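Take a look at this single chain in structure tokens; it is the form predicted alone.
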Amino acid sequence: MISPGFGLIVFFIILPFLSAIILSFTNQRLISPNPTEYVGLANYKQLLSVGVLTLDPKRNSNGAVVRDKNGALKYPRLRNFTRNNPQYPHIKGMRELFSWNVGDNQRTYILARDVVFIKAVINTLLFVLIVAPGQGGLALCLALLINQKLRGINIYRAIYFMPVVVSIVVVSLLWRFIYDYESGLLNNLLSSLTFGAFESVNWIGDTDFALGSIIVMSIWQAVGFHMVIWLSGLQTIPPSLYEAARIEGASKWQTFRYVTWPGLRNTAVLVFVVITMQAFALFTQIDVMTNGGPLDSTQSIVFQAVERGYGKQDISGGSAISVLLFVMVLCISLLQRWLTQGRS
């Protein structure tokens, strides 16, 4: 009875994943006349190679520190160290990811061989760290609000759940119009509330706001789905426990801490694991709203896998990214499950 469904899973999920693992150890490219060759861990080294370089400022013939016209310290060019410098073979071909000053003079550079992928990893981890607790906590609050026997409560449940049933592509297009710099609803609303004092912000065109804007939209879109899961968990808690807490004089916070939350422990594991997996799969919002920009500030791991595999026809690089994503999600999900499980 399960063979048709299991066969589809094998054909469309298991076999492609095994193929991705195999291809990640090759130099396979789409529509390439060159034969496929085994390259070992070269793809993974290209993606994950990072380095650290600390430089002293330039000094003149008298030993004094050289500064530019604005008074800032001048440092040697990075390419002098990352391009065919035999003294620094470990950072050959790397580029600057970010840097900061150490002490008064020295400057430390974090370098990466694949800067865009490392930025995608950082953006994805930041997205997960904000969305997982934010979306899960907001969904729990909504579930507590609608878990009451009030007239018309089903209407509120339907309203909160409505964004979930709308296609994420449609939602992304809608929010792109809301975030529009010139005629977007958000800028116009904030300008009206402040009587014109608010200056328009390029929400998805500014590196300081783009990722945050996508985070807000993503939390809003999927919070209703996790609200339903929390709600199902709340309705499995025996009412007698609440009655006993009320008789004992427990406050609302004590009731939530000692009755509601322990009863939601298994539900919490499910909710946070699902949110984490969905957050790591961030793609559609990026593809529709920003296409990875501006200046790679909204790159994600899945977007990079698709862009490498099909946009640049580097199927081996895209496969390596997919395998790394699987390992990351697996490790974080197992850690998350261990942290949220009850331990005596």
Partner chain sequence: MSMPNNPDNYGLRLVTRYVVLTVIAIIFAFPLVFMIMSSLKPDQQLLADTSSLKAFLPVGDISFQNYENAFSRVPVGLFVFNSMLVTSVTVVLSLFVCSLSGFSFAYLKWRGRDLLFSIILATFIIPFETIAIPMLLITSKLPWIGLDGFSIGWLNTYRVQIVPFIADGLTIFLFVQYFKDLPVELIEAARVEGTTWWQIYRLIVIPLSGPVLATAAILKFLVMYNQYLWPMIVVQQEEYRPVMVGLQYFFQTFTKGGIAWGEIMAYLSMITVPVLAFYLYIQRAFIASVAATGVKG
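Numbering follows the first chain given and starts at 1. Just so it is clear, the structure is predicted and the values come from calculations on it, not from any experiment.
Not on display, but discussed next: the form predicted together with its partner chain.
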**Message:** How about residue 220 - does it come within 4.5 Å of its partner chain in the predicted bound form, if we only consider non-hydrogen atoms?
**Reply:** yes
**Partner proximity in the predicted bound form: residue 296 to its partner chain, non-hydrogen atom cutoff 4.5 Å** = no
**Message:** Using a 4.5 angstroms cut-off on non-hydrogen atoms, would residue 279 count as touching its partner chain in the predicted bound form?
**Reply:** no
**Prompt:** Heavy atom to heavy atom, is residue 167 within 4.5 Å of its partner chain in the predicted bound form?
**Reply:** yes
**Message:** Using a 4.5 Å heavy atom cut-off, which residue among 198, 98, 177, 88 comes into contact with its partner chain in the predicted bound form?
**Reply:** 177
**Request:** Note which of 309, 51, 57, 292 lies within 4.5 Å of its partner chain in the predicted bound form, where distance is taken over heavy atoms; exactly one does.
**Result:** 309
**Message:** Within 4.5 angstroms, counting heavy atoms, which one of the listed stretches 119-127, 138-146, 101-109, 68-76 is next to its partner chain in the predicted bound form?
**Reply:** 138-146
**Prompt:** Do all of 156, 183 and 330 end up near its partner chain in the predicted bound form, with near meaning a heavy atom within 4.5 Å?
**Reply:** yes
**Request:** At a 4.5 angstroms cut-off on non-hydrogen atoms, which residues of 186-225 are near its partner chain in the predicted bound form? List them in order.
**Result:** 188, 189, 192, 220, 223, 225
